[in-house]
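Just the one chain here, laid out as structure tokens, in the form predicted on its own.
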Amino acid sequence: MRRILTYGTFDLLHYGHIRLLKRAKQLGDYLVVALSTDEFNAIKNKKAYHNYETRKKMLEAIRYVDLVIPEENWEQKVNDVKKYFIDAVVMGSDWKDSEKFEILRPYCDVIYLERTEGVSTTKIKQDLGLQATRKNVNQIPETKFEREHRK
């Protein structure tokens, strides 16, 4: 059985994410997704719209994903590869040549897949006018009508 591992925040799950997961799964028999925790995102100065548990449930509902594990720090990658008997780590091409993943080459294959052009979480957030930080990351944004008719 060939085991594949990928890492990410997978915030505002979109077609680019699904396409990456599908292509990663096609490279093996079992796909493990290491999902950035809220605490790790804070270390990276990144704020997800959905909290970890919500993002985890969404990923677990995708047929290509066999297991979701927490990504809690940069240093855990070698241990993840060993613990889950990983044959290849697959990442988007924006990570190509990053030492964070190149260090895995003695332990497994490292494969970079081209990103899906025209779609990204950052672009979606910009298009929707979402703020980088929010008090309640799972709160549905207030509509223009609701703002105008707030009492």
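The first residue of the sequence shown is number 1, and the count goes up from there. The structure displayed is predicted, hence computed values, not measured ones.
What comes next is about the form predicted together with a small molecule, which is not displayed.
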property	result
Non-hydrogen atom within 4.5 angstroms of the small molecule in the model of the complex for each of K25, K57 and D66	no
Interface membership of N51, the small molecule in the model of the complex, 4.5 Å heavy atom rule	no
In the model of the complex, D80 touching the small molecule (heavy atom, 4.5 Å)	no
4.5 Å heavy atom contact, K44 to the small molecule in the model of the complex	yes
Y30 within 4.5 Å of the small molecule in the model of the complex, heavy atoms	no
